[in-house]
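So this first bit is one chain, no partners, the form predicted on its own, shown in structure tokens.
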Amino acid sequence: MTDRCAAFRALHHAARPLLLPNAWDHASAAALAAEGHPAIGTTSLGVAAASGKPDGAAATRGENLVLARLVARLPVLLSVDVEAGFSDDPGAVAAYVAELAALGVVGVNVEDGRTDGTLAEPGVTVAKVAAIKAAVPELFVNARTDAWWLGVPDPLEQALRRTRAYRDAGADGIFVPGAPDVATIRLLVGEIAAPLNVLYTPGGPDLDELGRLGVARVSTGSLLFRVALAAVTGTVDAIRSGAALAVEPPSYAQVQRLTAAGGR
């Protein structure tokens, strides 16, 4: 376990940013692993939506455990999005993350956004980060602030104040989804003394540009799940209208092999 955590940590210090694609079930995780990605994350929206539950509402505690148990069979390093930890009790959050670590998970995202569209008090997230690091010190804790994501006043000031506190509490990386432009990303890299994780934005900076800015990790978030939904409806529309399919799907046998690669 320690070696796997160290390998995941090292991916944040490579010449090019770590591209961390986000899966929502065993099939998507297996497909990404088969493409050679050394590490994948989970998307809380994808996991929740696939289970018929709302995202960010602390509703997928069990689903995350089930998914982690399945993906642990694959030759890939796994980081799990645990939303805000499914509790405001730091001890309960740490115990839950320890369960994930026991299944082979090497990292987690823990966020400060709340279901009512506000940010939790910084001290709440600080306590959660510190508790996780005390329980599973080798695990990579990616502390996420939703200052821009939720559109709060003075997002830059909020993000800097919060991320410094999270780093001081032991966070190994900092995730700032929604950072609005290259200038802001450059500033965040310079101000945050930890590997910076940003969300890939179609039409925004590519991996090479983000690498030049000093970004350590680029996540796809819910993008792959949403693209998959668009492919489902687009394919049905193409069949209905007689148009050619936009993508070539994997064969039945290929999908079966992906499943088999996960073990029995």
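Don't overthink the numbering: it's just position in the shown sequence, from 1. Values in this document were obtained by computation on a predicted structure and should not be read as measured data.
Keep in mind that the form predicted together with a further copy of the same chain is missing from the display, and what follows is about it.
Judged against a further copy of the same chain in the predicted complex with a 4.5 angstroms heavy atom cut-off, the residues Leu11, Val176 and Ala216 are out of contact without exception.
a further copy of the same chain is not shown here, and in the predicted complex it never comes within 4.5 Å of any heavy atom of Ala58.
Using a 4.5 Å cutoff between non-hydrogen atoms, Leu32 counts as a contact of a further copy of the same chain in the predicted complex.
Heavy atoms of Ala15 never reach within 4.5 Å of a further copy of the same chain in the predicted complex, leaving it off the interface. Residue contact with a further copy of the same chain in the predicted complex: Ala68 places no heavy atom within 4.5 Å of it. Residues of 29-51 lying near a further copy of the same chain in the predicted complex, listed in sequence order, are Ala31, Leu32, Glu35, His37, Leu45, Ala49, Ala50, Ser51, the criterion being any heavy atom within 4.5 Å.
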